[in-house]
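Quick heads-up: it's one chain on its own, the form predicted on its own, in structure tokens.
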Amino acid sequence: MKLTVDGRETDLPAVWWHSEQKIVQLIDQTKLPFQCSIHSCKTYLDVVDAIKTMKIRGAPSIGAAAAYGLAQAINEFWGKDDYLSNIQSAYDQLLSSRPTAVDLKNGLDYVREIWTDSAKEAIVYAQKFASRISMQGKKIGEVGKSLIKENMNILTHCHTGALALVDYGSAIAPLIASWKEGVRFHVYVDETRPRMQGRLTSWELRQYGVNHTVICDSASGHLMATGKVDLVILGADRVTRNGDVANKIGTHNLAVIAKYYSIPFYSAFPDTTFDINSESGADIRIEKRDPQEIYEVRGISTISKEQTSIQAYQDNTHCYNPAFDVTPAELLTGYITPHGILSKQQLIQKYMN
């Protein structure tokens, strides 16, 4: 992705393996959009922490980070008497770092296939997994751009750009691909409370000069009701065998309203987000995050220019903070995948055969 680090323009993925230092590096998403900082993970435990604290986020990027983390553990414990028990422990800790996105388990299982063969190969496998996600993001952009028309108003939720998909992105990928070809449109960016992932979407769209407006999540229904939204595109954290989609909290609300007003509603995702082991959304474990994310509001001080947080509610106020919800397949118009724009039936045929 195109970005500026320390005042210099560069092109970096969301997460990668630094071969010389033998560490996992990633763009610290908690510091964006005000500071673009590279965070280093020296051990798999650092990767676990980076995933839990959302320094790295977005289901596919989490999966890539976990794959690299397990490869680190394999190299750390290789040749030791308690190798297998240590690797299993590392696998379990990485797997439990965030429970909803299936890409995390898929990334771990991809590296797990060779964890008794070669420590060096573990890194290669992790790199292959990350590269596959990146290339599928590029393909999603090429496939999905057919939906983007001149002068459209497009609504998106959470963040689904290069930061979330190693590179290129999922729902944002068709927007960038179309913009580069000269198609001009406007994007409404949901803030996506309480983590405010809209700041990441806005930051990425700014890199390419894409016209956009940030809105409060609760404004989306008003925009759809007044004819200001032509298309809704979002990502996914897990897609089940029947086509149900787990995505950032608030997605279900948008799908219901879009269905009511007959607005096309699409979910974009790579192969690693499809969960062949879950029959429906009822099988998905929804992550409950720290209520403190609602209790406090984070931002940058206009005085010190440093990141800070302020208390938004009185002491002992009860807050409930589910990070995701499930949108039934019946509410979706279709799915933007590396294999084309698919209907529910086509999705099931593609991934279940």
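For every residue, the number given is its place in the sequence shown, counted from 1. In this text, all values refer to a predicted model and were calculated from it rather than measured experimentally.
One more form of this protein should be noted, the form predicted in complex with another copy of the chain, which is absent from this view; the next part is about it.
Segments offered: 132 to 140, 108 to 116, 88 to 96, 191 to 199. Contacting another copy of the chain in the model of the complex at heavy atom distances within 4.5 Å is 191 to 199. Annotated contacts: Ile27, Val124 and Gly161 are all free of another copy of the chain in the model of the complex [non-hydrogen atom within 4.5 angstroms]. Checked against another copy of the chain in the model of the complex, the candidates Thr43, Ser37, Ser40, Thr308 yield a single residue with a heavy atom inside 4.5 Å, and that residue is Thr308. Residue Ile257 is the only one of Ile257, Ala177, Leu147, Val229 with a heavy atom lying within 4.5 Å of another copy of the chain in the model of the complex. Contact between Ile341 and another copy of the chain in the model of the complex is not found at the 4.5 Å heavy atom cutoff. By the criterion of a heavy atom within 4.5 Å, Tyr83 is excluded from the residues contacting another copy of the chain in the model of the complex. At a distance threshold of 4.5 angstroms between non-hydrogen atoms, Pro264 is out of contact with another copy of the chain in the model of the complex.
Proximity of Arg241 to another copy of the chain in the model of the complex falls outside the 4.5 Å heavy atom cutoff. Contacts between stretch 237 to 256 and another copy of the chain, counted in the model of the complex as any heavy atom lying within 4.5 Å, involve Ile249, Gly250, His252, Asn253, Val256, listed in sequence order.
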